[in-house]
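Form predicted alone, single chain, as structure tokens, below.
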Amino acid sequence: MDTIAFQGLIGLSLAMYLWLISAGLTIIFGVLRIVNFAHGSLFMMGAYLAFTFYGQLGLPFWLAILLSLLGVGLLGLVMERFFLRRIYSIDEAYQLLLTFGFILILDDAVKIIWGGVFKIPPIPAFLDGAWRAFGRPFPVYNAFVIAVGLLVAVLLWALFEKSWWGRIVRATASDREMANAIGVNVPRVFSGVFMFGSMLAALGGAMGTPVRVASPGIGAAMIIQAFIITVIGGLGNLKGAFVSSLMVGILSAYGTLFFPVFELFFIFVIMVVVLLVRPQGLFAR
């Protein structure tokens, strides 16, 4: 019984990484209606920038994370302002092709700058060690990731439900023509939302650098899971993304424990069942 409970904690920490990347993807789709295949590559860039600032330059851990968020946010701003903005009104296939092209570009850029060798810096001293949980040592860093993921969930709820900027974003997502008619600068909102979603992806990547390998191509693996989560929860629904992240993360942990060969199989089965029973997702309106 202790083993099952402990594995649930492991799954919860995995779920928080998935939540951070899927939250940004959900926000971007919900407002811009862009299917951003390159979102996983932004996760990857966050990991590499955090490795550079913390593992190579020796900056404090918190500062390294902040700088990686700002760097990826600026990258996202450039992507939206000079590329994605030109294809909002045309067929979705062009969105997929363009964002898939960014995957190839960013993967090659990572290989040129950092090489093809895996990168992983040491865990910060103040987050090293383990606590006893269900009779086993549970890494302090995993508990830290869980706390950050839950904190981000609360802050996102407050931002979009209680702040003036959140109301503007929700109004723009609901009816961009009407928002533009009442004086909302819709292109600026789009740029801000894409930049914000990119920074959430970077946060997931940066948080993972001390315990998860940063390597070229990691973004492609992450975006597959992020899309599964957004499909299960409902495209554009943050509550659905959070609940789906918990489902996928915990199921992956138990799948690794009991059925390691079929771990991904169970996740895809859930997605297929949801698509058959409720194609719009569990929480979509």
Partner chain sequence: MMLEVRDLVTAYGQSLVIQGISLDVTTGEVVCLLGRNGAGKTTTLRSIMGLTPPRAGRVIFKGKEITGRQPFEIARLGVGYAPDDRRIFPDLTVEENLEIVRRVTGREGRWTVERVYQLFPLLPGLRGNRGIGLSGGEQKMLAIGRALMGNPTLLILDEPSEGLSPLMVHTLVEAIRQIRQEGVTLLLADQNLKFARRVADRGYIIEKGTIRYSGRLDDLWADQEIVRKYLAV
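Numbering follows the first chain given and starts at 1. No experiment lies behind these values; they were computed from the predicted model shown.
Separately, the form predicted together with its partner chain exists; it is not shown, and the next lines address it.
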Which single stretch, out of 194-202, 129-137, 71-79, 160-168, brings residue heavy atoms within 4.5 Å of its partner chain in the predicted complex? 160-168
Would you check, heavy atoms only and a 4.5 Å threshold, whether Pro187 touches its partner chain in the predicted complex? yes
Wondering, does Asp175 line up within 4.5 Å of its partner chain in the predicted complex on heavy atoms? yes
Although the partner isn't part of this model, could you tell me whether Ile182 comes within 4.5 Å of its partner chain in the predicted complex, counting any heavy atom of the residue? yes
